[in-house]
Structure formats: C-alpha cells, structure tokens
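Encoded as structure tokens, the following chain is the form predicted on its own, with no partner shown.
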Amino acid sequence: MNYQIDNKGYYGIFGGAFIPEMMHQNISELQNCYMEILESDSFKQEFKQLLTDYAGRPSPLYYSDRLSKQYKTHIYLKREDLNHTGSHKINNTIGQILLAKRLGKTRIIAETGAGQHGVATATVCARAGLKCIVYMGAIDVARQAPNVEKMKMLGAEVRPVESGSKTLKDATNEAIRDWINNPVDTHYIIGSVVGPHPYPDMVARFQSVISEEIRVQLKTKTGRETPDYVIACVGGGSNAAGAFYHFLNDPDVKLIAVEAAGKGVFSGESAATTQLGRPGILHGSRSLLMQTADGQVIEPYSISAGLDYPGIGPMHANLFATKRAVFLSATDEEALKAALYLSQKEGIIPALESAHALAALEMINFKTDDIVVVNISGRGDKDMETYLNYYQLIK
C-alpha cells in the first residue's frame, strides 16, 4: 500500500484542496511550482547547508540508559529539542522561506499554538529580511508568554486572536483570512501537515529529515537502520510525519502516534481526534475532525498548546484508517508525569507536546530486544510555568 500523497493531493480519501475562489491563485501557484523547486539542485544544496550550519543538524539520537532500564528495552531519544529555536519546527520554516523567496514573496504570515512554529518562522524571516506576522490565539499568547517575547525580539508582529476558542484553530482561521486579502506578495508558512494540498506533503517532506537521520544514526549505533517502534506526539502532526516518513513502507516498524486526551478522552475536554472525530473538512483539506452531528467544529482542549487542535493532518488520518499507525492518547496528568520523570532521570526537560509521546512508554509492552525511538519534538522552556505549578502541587 502507498502511504504517500497521490497526484491529486490525497492520502487515500483524505487531503485535497477545499478552498475559496480567492485562494486559488496562491494554491495553484504552489501546486504548480513546489516540486520543481524542491527537487532543484540549488534548493537542495541551500536547504541542506542551512539545516547543517544554521539549525544545527543532524540532531543527536541519544540512548537513554535510565528509560531503557525502566521499561526493560532499548530506548533512543531523537533530540529535536536541540535544534536552533528549540524544536523540529525550524526544519519546515527553513524550507518554506527558501521556497517563498524563489516565488518572489516579500511578506510572511504564520499561525502558532505553542509558539514554537511562530518563533521558527520569525527566526527565518529575520535572517531573510522579510516582514513577519504571526497569528496566535489569545489564550496561547497568555500561556506561552516566553515564546511571544522571543517572536517580538526577532522582529515579528504577533497578532492575538480573540475569536472562537482563542487557540490554534482560530489562529489558523485568521492567517487564512490574511492570505486571502494579500494574495500577491504574501506566503503563508503553515506549521503542520494540515491545510490544502500541497501543504501536507510539502511540510512532511521538509520534516522527513528526522527519519532520514534516524536510519543513518541507528545503523551506526545498532547495525540496523530500522527500529521496532517510532513514537511521536500528534496535534496536526508535523513532527510525527517527519519521524515516520522514511519508515512508512517498512511494515516491521510500528508507528505510534500519541494524541492529547486532555482531561480524559470522553470528558468533553480532549483533543483525541481519532477517537472522537469523523471525516470532515477543516482549513482546506478533508481529514478526521472533531465535530457535532451538524458539522460544527468541537472545541478541543489540551494542557499542551501545540496539541490543542480539533483535527489531524490527512496523512495521519490515512495512517489511522489503514491501520498503518497505532493512535494512542495521553491525558494532561500522564504527560506531566512523563515530563517530570525524564527531567529527573535524564536531565532533559521536554516540551509538553513531546511529553505526550513519552507517556506512551507506559502503555506498550516492549520486548527486551526492541529498539524504540521517541521523538523529542521540542524543549520545555516555554512550558516552565505549567511545570512549576504542577511540581508545587505534587511536592
């Protein structure tokens, strides 16, 4: 079975480009140009050079002795938290800023939830000398204040969004409205594998450097290129797309995607899309979506701003529908416990998003000779207030 996108922009029944007429110019331009640009020698050379010299790749693949002993298996951590800007988001923004410049765009817009994509976008815009506007839900602006200040210091304008649930979904809505009103000079750097075709495929390609490196690094460390498990958190799903990408057609590699269960999958405060959602259209593509019987979006909830999204990317919807990936979910409490455990056992403070992936280690019965890779998608600096509040409660 093919798990990649087809020539019409679909992963199975999911994907496509469901867009208003005023977006056709922008999307058609990207659809017609992106692969030619991405496959050009000049683009590949510049992209690779910046990933190495600017972002600091390859990110380490670290053998966690303490976690391995705890779970009686072999656990490696893919350290995306050590990238410039502190997460995997820089991989995609470097790729998209190079694309935007080749298309002659002079103004960049983006959406962000946890702020990591916003910081990464502001970073590459500063380097490129391009105007940057980042839309961010008002609730996320408050709970991710350090990243907001970073974006401003980098020269970006942060626009708080007061509509809807004031989180990632609403920030995306506002960014799309901006793009519709500024079609000529503006490029929208979408931060995840969501949105109309070609964004899900384009972002997955930029993030696929993660799994490309895992294969090489595992070969060096273990003598084999493929692990038994790859575990990653999923909101929209860009870090998981990157971690899974070069293993999609290796059926012996078990792909584990971990969603945010919030206060409990069926509590009414959750973002576990695969358990609560059904097919629908959101932000320009057909995917799985949390919605009411009449198609209204159900507001998601997660303690983690980056997983607080009512859908998943169409690539992941297809992986779920075809059973190629197993989708688990972790509650706020489980993620917080996993984050504290990693911090105190390995000296690594993960982002709250990544902590959901770590929580899955408690849910799987590993064999003693398994090789497990957990993608640590970001570092926890931005979540310190939440962690400190939790730590005070449990002392």
Partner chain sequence: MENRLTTLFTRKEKNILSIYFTAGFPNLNDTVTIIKELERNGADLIEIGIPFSDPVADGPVIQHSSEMALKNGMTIRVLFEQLKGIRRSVSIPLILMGYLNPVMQYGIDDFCRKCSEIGIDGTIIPDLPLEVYQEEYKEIFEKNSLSNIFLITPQTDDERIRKIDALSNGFIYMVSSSSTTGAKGSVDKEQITYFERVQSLRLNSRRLIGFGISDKTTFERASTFANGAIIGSAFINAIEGEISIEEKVNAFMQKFVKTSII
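Since the model is a prediction, treat every value here as computed from it, not as a measurement. Positions refer to the first chain, counted from 1.
The same protein also has a form predicted together with the partner chain, omitted here; what follows describes it.
Using a 4.5 Å heavy atom cutoff, none of Pro198, Arg205 and Asn249 lies near the partner chain in the model of the complex. The stretch in contact with the partner chain in the model of the complex, judged by heavy atoms within 4.5 Å, is 293-301, chosen from 93-101, 293-301, 314-322, 207-215.
At the 4.5 Å threshold, heavy atoms of Ile180 reach the partner chain in the model of the complex. Although the partner is absent from this view, Lys219 stays clear of the partner chain in the model of the complex, with no non-hydrogen atom inside 4.5 angstroms. The partner chain in the model of the complex is approached by Leu289, whose closest heavy atom lies within 4.5 angstroms of it. In the model of the complex, the partner chain lies farther than 4.5 Å from every heavy atom of Lys72. With the partner omitted from this view, the residue of Ile256, Ile133, Leu282, Val141 that lies near the partner chain in the model of the complex is Leu282 [heavy atom within 4.5 Å]. The partner is absent here, but in the model of the complex a heavy atom of Ile176, alone among Leu154, Val158, Ile109, Ile176, sits within 4.5 Å of the partner chain. Along 240-254, no residue reaches a heavy atom to within 4.5 Å of the partner chain in the model of the complex.
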